[in-house]
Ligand SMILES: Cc1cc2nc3c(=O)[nH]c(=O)nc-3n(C[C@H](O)[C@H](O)[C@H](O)COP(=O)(O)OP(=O)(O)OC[C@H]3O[C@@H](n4cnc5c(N)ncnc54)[C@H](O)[C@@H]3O)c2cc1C
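So this first bit is one chain, no partners, the form predicted alone, shown in structure tokens.
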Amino acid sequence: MTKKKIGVIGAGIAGLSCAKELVSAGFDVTVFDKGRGVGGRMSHRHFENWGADHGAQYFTVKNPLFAKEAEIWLKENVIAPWQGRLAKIDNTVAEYQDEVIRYVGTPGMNAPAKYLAQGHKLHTSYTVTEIKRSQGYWSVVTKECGELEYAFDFMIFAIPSVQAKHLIDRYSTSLRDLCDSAKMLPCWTLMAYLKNPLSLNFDGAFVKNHMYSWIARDSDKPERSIYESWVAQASPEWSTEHVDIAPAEVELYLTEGFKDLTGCECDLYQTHLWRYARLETPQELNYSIDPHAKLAVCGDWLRNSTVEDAWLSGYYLGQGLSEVLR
């Protein structure tokens, strides 16, 4: 019997987790992503002599299912515990300690996504702008190549809710309304290279009452460049207020804010806006399927904005859709 063909839009942790379950269940799965690589917000940007995790900074493990997956990643050396010194900054700097184990991808945060992507039919640098329904099958239209010669029995959207809504709007009222129910908040991020190490007594800090909510010495993480590099992420409130500001103007704010926190100017830097970085209000959904339209959605925006929630959402959709299509 011919395998059912499933298209997945989005090669972040949710999409790849879902694809893995569907392939294991015997389906023919093809994954598309607009980025040059996989990982979505689990990203690492490489420069000439340094790099930086400019999306997710670390992740924790709570759910037993995700714990099993994390054990595999540990054995495959694509993650490692990060034991950086942490602090809280609220006018003054105070040491921060807890019992939480924080993991990072090695040598970059996108390493687990690269591991999950192995063996999949994967098309990166393909921006899907439209989906079309014809004779009971779905096809995709991309900005780069127009309509592709694929015919899918089912389409999955493992992308932020706003982007998913744009593609499914005409075809599924239930999924469209679900997308409308989730509000995603932006995050402006600064990646900074410093010629000389900062003499600070912490490697990561949660920040209050400031434009930034988090800063971290990225070069302290396992298997990173020896060159001093930092990541600073603005708060959701500040990022929302400045989401439509010109990049050149925002860069001035971001570099001055970094100097205010650390006492040091950046020698080299880049900035990035994550327009859909964090879910405003956590939800208790895992995924949603419209069996009539043969469309489904998954992603951290259906649960909460963590790596674990993204993986679980994709995992549960893979399991659920396998039952529907049997």
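Residue indices: 1-based, along the sequence shown. All figures in this text were calculated on a predicted structure; none of them were measured in a lab.
Although not depicted, the form predicted in complex with this ligand is the subject of the following passage.
Enquirer: If we take heavy atoms and a 4.5 Å cut-off, which stretch out of 283-291, 30-38, 44-52, 254-262 is in contact with this ligand in the predicted complex?
Expert: Only one stretch qualifies here: 30-38.
Enquirer: Assess the spot marked by 70, 212 and 271: is this ligand within 4.5 Å of a heavy atom from every one of these residues in the predicted complex?
Expert: No: none of 70, 212 and 271 comes within 4.5 Å of this ligand in the predicted complex.
Enquirer: Contact with this ligand in the predicted complex for residue 152, defined as at least one heavy atom pair within 4.5 Å: yes or no?
Expert: No, residue 152 sits far enough from this ligand in the predicted complex that none of its heavy atoms falls within 4.5 Å.
Enquirer: Whether residue 167 contacts this ligand in the predicted complex should be assessed with a 4.5 Å heavy atom distance threshold; does it?
Expert: Residue 167 belongs to the contact set for this ligand.
Enquirer: May I ask you to state whether residue 84 is within 4.5 Å of this ligand in the predicted complex, using heavy atom distances?
Expert: No - in the predicted complex, heavy atoms of residue 84 and this ligand never come within 4.5 Å of each other.
Enquirer: Should residue 9 be classed as touching this ligand in the predicted complex when contacts are defined as heavy atoms within 4.5 Å?
Expert: Looking in the predicted complex, residue contacts with this ligand include residue 9, since a heavy atom lies within 4.5 Å.
Enquirer: May I ask you to list the residues of 107-136 that have any heavy atom within 4.5 angstroms of this ligand in the predicted complex, in sequence order?
Expert: Heavy-atom contacts within 4.5 Å come from 126, 127, 128.
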